[in-house]
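Before any questions on how it binds or moves, here is one chain, the form predicted alone, in structure tokens.
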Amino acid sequence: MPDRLRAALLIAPALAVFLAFFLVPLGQLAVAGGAGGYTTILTEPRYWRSLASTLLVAAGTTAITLAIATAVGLFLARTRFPGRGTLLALLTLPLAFPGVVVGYLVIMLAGRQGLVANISLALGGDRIVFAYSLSGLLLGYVYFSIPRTLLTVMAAAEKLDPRLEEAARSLGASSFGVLRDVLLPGLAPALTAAGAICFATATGAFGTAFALASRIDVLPMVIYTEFTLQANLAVAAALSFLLGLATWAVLALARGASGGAAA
């Protein structure tokens, strides 16, 4: 069998799946928006505010998650202590939770009858409730995003050559200097890839937003409302295409910045 024919037969199943489950649905989604749908989302300020809120929450989630996951990941990758496996299992536990459960946990913590509200009331103040605000949604997204980013950082940190750190310290570099000049540059591709995935996940996450976003408009909830409650299929399709385009752009930029490390 010729090599070209063999290669064509091997790639045919993947190509069929790509066409059936990605290219054709995406094309239909783009067409379903129609001129009216795209005109509406481009001229209606509410949709632009929703897009800005979505991107703001995603950017905040990414920044906070990368900061926490980098610090914890470096520590766990370099340190061995009793209970390390248990701690790592607890930190990655959110991987087992759907977004709605994460939202419910945030409500239990910062809802009207949550732990924070009860403590603030017991101390003689007003109930502190932030579960249904931008802060609550941000907290839920960070909780949901840390495990994936943490595992990525740990895998990259374990591959770093410790001799580079020893050489930097022998030349008089401080701990901060080692972090700035050795560790972070070595982790940069992994951090870029993990940050891109974190941003994309926070941009399109629905379950957590469904449970918490009662006071703010984020695009997944706006799309859900337009599709199910308003039966405005054209606007829902146009918004979905816009959301996918923005997410794809971020992933493409991250892939270029990390030299192809971000899928």
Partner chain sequence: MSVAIRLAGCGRTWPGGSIALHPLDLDIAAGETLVLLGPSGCGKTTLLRLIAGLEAPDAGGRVFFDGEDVTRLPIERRHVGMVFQSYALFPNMDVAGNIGYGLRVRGVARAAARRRVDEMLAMMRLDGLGGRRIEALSGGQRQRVALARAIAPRPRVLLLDEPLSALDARLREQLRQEIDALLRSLGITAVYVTHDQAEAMALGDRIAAMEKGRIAQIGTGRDLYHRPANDFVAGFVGDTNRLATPEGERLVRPEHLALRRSATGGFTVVQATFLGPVVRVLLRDAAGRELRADVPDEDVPAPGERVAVLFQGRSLETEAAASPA
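Numbering follows the first chain given and starts at 1. The structure displayed is predicted, hence computed values, not measured ones.
Keep in mind that the form predicted together with its partner chain is missing from the display, and what follows is about it.
Colleague: In the predicted complex, which of the listed residues (148, 127, 78, 169) lies with a heavy atom within 4.5 Å of its partner chain?
Modeller: Checked against the cut-off, the match is 169.
Colleague: Check each of 112, 159, 84, 163 and return the one that places a heavy atom within 4.5 angstroms of its partner chain in the predicted complex.
Modeller: Selected residue: 163.
Colleague: Would residue 116 count as touching its partner chain in the predicted complex under a 4.5 Å heavy atom rule?
Modeller: Answer no; every heavy atom of residue 116 is more than 4.5 Å from its partner chain in the predicted complex.
Colleague: Applying a 4.5 Å heavy atom distance criterion, does residue 189 contact its partner chain in the predicted complex?
Modeller: Output for residue 189 is no: heavy atoms all beyond 4.5 Å of its partner chain.
Colleague: So in the predicted complex, does residue 182 come within 4.5 Å of its partner chain, heavy atom to heavy atom?
Modeller: Output for residue 182 is yes: heavy atoms within 4.5 Å of its partner chain.
Colleague: Classify residue 173 as contacting or not contacting its partner chain in the predicted complex by the rule of any non-hydrogen atom within 4.5 angstroms, answering yes or no.
Modeller: Contact check for residue 173: yes, within 4.5 Å of its partner chain in the predicted complex.
Colleague: Taking the partner as it appears in the predicted complex, which of 174-182, 119-127, 133-141, 148-156 has residues with heavy atoms within 4.5 Å of its partner chain?
Modeller: Answer to the contact question: 174-182.
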